[in-house]
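Starting off, we have a lone chain in the form predicted on its own, written out as structure tokens.
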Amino acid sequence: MEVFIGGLAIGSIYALLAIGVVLVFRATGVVNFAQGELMMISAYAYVLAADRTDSVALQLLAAILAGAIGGLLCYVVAHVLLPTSSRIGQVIGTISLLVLLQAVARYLFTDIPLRAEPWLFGDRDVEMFGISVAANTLLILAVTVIATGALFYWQGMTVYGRAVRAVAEDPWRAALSGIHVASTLATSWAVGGALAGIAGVLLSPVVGVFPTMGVDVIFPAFIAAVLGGFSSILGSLIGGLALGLIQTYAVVTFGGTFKDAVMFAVLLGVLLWRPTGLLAATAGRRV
């Protein structure tokens, strides 16, 4: 049970990043390779805010805002500075931003990890199923479910969320219906960055905060998105949780050396069996 809950917690981090990547990809067709770095700058914002205020709300707000602003920076790079570039050019732009953000973090903070305090329960443990589980592990699971549910509600039940979905489906027709395409695209990038900010708050107390922390989780997040179907938010959630479990049990069974090998073997198997992913969204059009 400890291994199972721990695997779900790791998978929740992958899922939050994967959902942000998929959200942007559905809206713009651009894969944001800087998503992990948005998590990194959010984690630094959380640590810096914790040094200056005891307000948990302000600490969380600082991290989420940092992620959202980072998402808007990615939007500026991909759609304002490179508006006429091909999709691959815009993707390379996000990779350039990845390298730039890492370099800035190294310059400002060095490679020495900073310690981050768990923001709600501290280091408390909870007794359940006859075992002791870290309260913050359960918190990671709960926050991931709440964030995903809020995203589904926003996109399905609010006018602006539906506008974002309409632009993702067909920006030309959405513009004809009066939707401001540029602002909705920017919103998609900002929300994706905010999800990375939430992931940064949840992960930083576990591993610390350092410039390359995003690189360690972004590729598993991409794999989670591919497993679930790169157009499905629910699939990204399921793919992230499943990948976290697979990695954790691989470490327990075979040791850490084979963790990545098992992960990529699963990815290869899914691509051979179902190239579109486990829960690829089916696009429908009204004629």
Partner chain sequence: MRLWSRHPVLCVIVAALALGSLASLIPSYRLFIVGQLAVVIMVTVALAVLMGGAGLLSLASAAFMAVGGYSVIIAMTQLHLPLLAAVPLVVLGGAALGGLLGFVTLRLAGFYLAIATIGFLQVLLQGLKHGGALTGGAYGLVMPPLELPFLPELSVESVAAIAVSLMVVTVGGAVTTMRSRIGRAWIALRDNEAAAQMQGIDVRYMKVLAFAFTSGIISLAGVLHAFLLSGTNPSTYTMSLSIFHITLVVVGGMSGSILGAVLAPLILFFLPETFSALGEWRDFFYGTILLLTLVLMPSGISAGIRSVAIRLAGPRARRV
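Positions refer to the first chain, counted from 1. All figures in this text were calculated on a predicted structure; none of them were measured in a lab.
The next section is about a form of this same protein that is not shown, the form predicted together with its partner chain.
(request) Please state whether every one of the three residues Phe33, Phe264 and Thr276 places a non-hydrogen atom within 4.5 angstroms of its partner chain in the predicted complex. (result) Yes, the whole candidate spot contacts its partner chain.
(request) Pick the stretch from 225 to 233, 62 to 70, 45 to 53, 242 to 250 whose residues have a heavy atom within 4.5 Å of its partner chain in the predicted complex. (result) Correct option: 225 to 233.
(message) Going by heavy atom distances of 4.5 angstroms or less, which of Ile95, Ala135, Ala150, Ala142 would be at the interface with its partner chain in the predicted complex?
(response) So the residue touching its partner chain in the predicted complex, by this definition, is Ile95.
(message) Under a 4.5 angstroms heavy atom criterion, identify the one residue in Ile146, Ile88, Val207, Val126 near its partner chain in the predicted complex.
(response) Exactly one residue meets the criterion: Ile88.
(request) Considering only heavy atoms, tell me if Leu114 and its partner chain come within 4.5 Å of each other in the predicted complex. (result) Outside the cut-off, so no.
(message) With the partner left out here, check for me: in the predicted complex, does some heavy atom of Leu100 sit within 4.5 Å of its partner chain?
(response) Judged by the heavy-atom cut-off of 4.5 Å, Leu100 is in contact with its partner chain in the predicted complex.
(message) Although the partner isn't part of this model, could you tell me whether Ile131 comes within 4.5 Å of its partner chain in the predicted complex, counting any heavy atom of the residue?
(response) It does not: once its partner chain is placed as it appears in the predicted complex, Ile131 has no heavy atom within 4.5 Å of it.
(request) Find out whether any non-hydrogen atom of Leu82 is located within 4.5 angstroms of its partner chain in the predicted complex, and reply yes or no. (result) Leu82 belongs to the contact set for its partner chain.
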